[in-house]
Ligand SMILES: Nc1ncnc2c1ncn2[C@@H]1O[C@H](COP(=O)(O)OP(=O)(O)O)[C@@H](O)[C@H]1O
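One chain is shown next in structure tokens, namely the form predicted alone.
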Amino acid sequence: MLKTEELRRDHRLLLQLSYPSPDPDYSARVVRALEELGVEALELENPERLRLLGKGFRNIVLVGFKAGVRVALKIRRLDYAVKSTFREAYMLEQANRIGVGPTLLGHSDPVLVMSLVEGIDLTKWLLHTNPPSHAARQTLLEITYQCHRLDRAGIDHRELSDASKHVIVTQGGPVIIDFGSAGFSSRPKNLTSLINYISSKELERVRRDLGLGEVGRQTLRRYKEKYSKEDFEALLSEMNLL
């Protein structure tokens, strides 16, 4: 663990806040945001490297400490055009209101702080950990309920057709992550995208083992008209998840 004030004095580690290329000014900007958000320290992979959880085309994700608790730090990449995390933070906040997503803990300029989600991505969990059938069914059912809540709230995640990258299975259940592309929509497609993912060839064995059924076009069409509880439950029934 490296305290934030100590990070300022360690030039080599400080520059790791600026990705993909080291920029002292941008690194200093990130440190100021971390301090403003009450981030007390960052976790180290080893004495020469900050712990990197992941990287995408918008952000890198590091591990930090806030009020003594490990948290996720999403930091905008230097080469991403939009440095502010305001929009993503706002969409995550809306998702949190309906019990979806990591908990937003704060944001400032290029930094977003949220609860740390630790677990296994959904595809790897389904295919390689051999979960008991009741656990696999319950996990898929919980994700469909989360997608239904997003649909009802008019929040479209927009990346759930590849749920393997955006659903993490934790000890407490599945968590939908990464609301960087999310937006409001009158026709959100969260549940539709998830069904397409479950119906993929990659998960053919999982569907067979769990006895999952296909969803008819008429059932999907009715669901997308009103996103009603009744149509949602009819959809689950056809999938054989209820």
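What you see is a predicted model; the values in this text were computed from it and never measured. One rule holds for the numbers: they count along the sequence shown, beginning at 1.
Although it is not shown, the form predicted in complex with the named molecule is what the next lines describe.
Might residue 148 be said to contact the named molecule in the model of the complex, defining contact as any heavy atom within 4.5 Å?
Taking the distances in the model of the complex, the answer for residue 148 is no, it never comes within 4.5 Å of the named molecule.
Taking the named molecule as it sits in the model of the complex, is residue 55 near enough to touch it, meaning that at least one heavy atom pair lies within 4.5 angstroms?
Yes.
Using a 4.5 angstroms cut-off on non-hydrogen atoms, would residue 115 count as touching the named molecule in the model of the complex?
Flag for residue 115 set to yes.
Please determine whether residue 83 contacts the named molecule in the model of the complex, using a 4.5 Å cut-off between heavy atoms.
Answer no; every heavy atom of residue 83 is more than 4.5 Å from the named molecule in the model of the complex.
Out of 206, 37, 50, 61, which one falls within 4.5 Å of the named molecule in the model of the complex, going by heavy atoms?
Exactly one residue meets the criterion: 61.
Exactly one residue in 72, 155, 160, 140 has a non-hydrogen atom within 4.5 Å of the named molecule in the model of the complex; which is it?
Answer to the contact question: 72.
Choose from 194-202, 177-185, 41-49, 25-33 the stretch whose residues reach within 4.5 Å of the named molecule in the model of the complex, heavy atoms counted.
Single hit among the candidates: 177-185.
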